[in-house]
Ligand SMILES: Nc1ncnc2c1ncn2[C@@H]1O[C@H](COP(=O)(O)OP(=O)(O)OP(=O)(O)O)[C@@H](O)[C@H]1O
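As a starting point, one isolated chain is supplied in structure tokens, in the form predicted on its own.
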């Protein structure tokens, strides 16, 4: 017994500990909360008074019946009938008024407590979303997108159920239970004891069955998630599925997942089919006991028929709140589990601390001073004591094999990570001293992994531009720089064409060029191009490079590539090998040196010749 009590208190403490995070929200919306409690109490006061009206009406009927029939055939009977009907109509009117007042208070109860839950849901989703935006790249490498979305949508939704419906029903149960039990005990304690006997059994059975239902519901939800993920994966990779003629195997696998989902859903339906009649049986049992014991006491003269009717109404009033006790307890447990998952993410301290105060003029002078970096999740050392400087307005290419650290330099420069050691400076200012927003606004970045939004072409091109400066004409100019304008004009709705999820309707080269146009839209003093021409043909590449010559006037450009751009007038080429600068110089000088650059250049020429 002692161990069971300790377990109960441990579980209760764990639940309250996780949900304690929400206490500041209750204070923030205290007027909604206090108002909700008042409206719950007020609605229940009128609910408890209503059965008393029924009691008086029934007692009036039973007490006046013998007198009424004794006056049969007299004028007094007709007069009594008329008065009797008038009094009953008065009782009905009073009952209706009480019901309307109670309904009004119930409306305000929901308008306060349920709206409070929606406001907290709104705040909590925004808080979690803002935390997601503060966290670094490593966090997103460790957590999958589905889990991130689940915490924002499903977990926050479960917490809202605790703050809204669960809290509302719990307060309603406490207030109604106190008022009803007090009224019933005052009328007849013995009858009260008998009629309440099935209610604890009802509550415990509902709690037990509801836990089973929750577990099965979660299993169904997990299976549905698997089913949805499988379908999404197939639809996203439909080209590969068709190319390898795997339609039938994939359909068979999907059918197996559907069968599993069907079986789990049928199991829940069978349980629910047993549970509902059982609940109605226990509710009916309380009513039968009330009538049976109450009838005996009416015969004994200890209560009136109106008291029995009053008790029947009170029992039915208590049935749903007591029945909901198990449901409320289950919601609170699920909310605590969900809040724990939310708290885990909210408690993560961002690796990148945005405490910058100094904002340079951003001429574009870039310096890497003895920089080393190892990826925290994989342990791969990407850079080692890297040193180089790019003067403002210069165009420099970072050249090297795959894995030499080229893309890492870009990620460090836009501060997706901080270096393990060494300093990165722009215009002589440490990146960590520059506010992140100011830093990134002044760098136009085309990442190696192109990402486009499921919006119009014009929206994607001008994504980095403030809304007031966006226009269709400007999007066309930027698309021209990226040598994509003519192709966009061939789309069904030209620049207003929606490009599909992740740009699925576009070719690789089209996605790259729209991404380049997007970087141009910022008109930033620093431009980072990370292997952004790998999917375009030679003719398109030449046009883009020619446009770059014009666009890059007065700007600092860092072009990351594993291909040689002999057509672009570069100030310097930095050759990377194993995270450090192995060679640097002009194209001709590096070829003459006969080192790594010359070796890679000759290899590229042979591959281009074979192609």
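Everything numeric in this text was worked out from a predicted model, so none of it was measured. Positions refer to the first chain, counted from 1.
Heads up, the form predicted together with the named molecule isn't pictured, but that's what we're talking about next.
Screening 94, 380, 423, 251 for any heavy atom within 4.5 Å of the named molecule in the predicted complex leaves a single hit, 380. With the partner removed from view, the residue among 30, 542, 562, 65 that has a non-hydrogen atom within 4.5 Å of the named molecule in the predicted complex turns out to be 562. When contacts are defined as a non-hydrogen atom within 4.5 Å, all of 401, 406 and 417 contact the named molecule in the predicted complex.
Heavy atoms within 4.5 Å of the named molecule in the predicted complex are found in exactly one of 469 to 477, 507 to 515, 370 to 378, 387 to 395, that being 370 to 378. Put simply, residue 448 is close to the named molecule in the predicted complex: some heavy atom of it is within 4.5 Å. In the predicted complex, the named molecule sits within 4.5 Å of a heavy atom belonging to residue 141.
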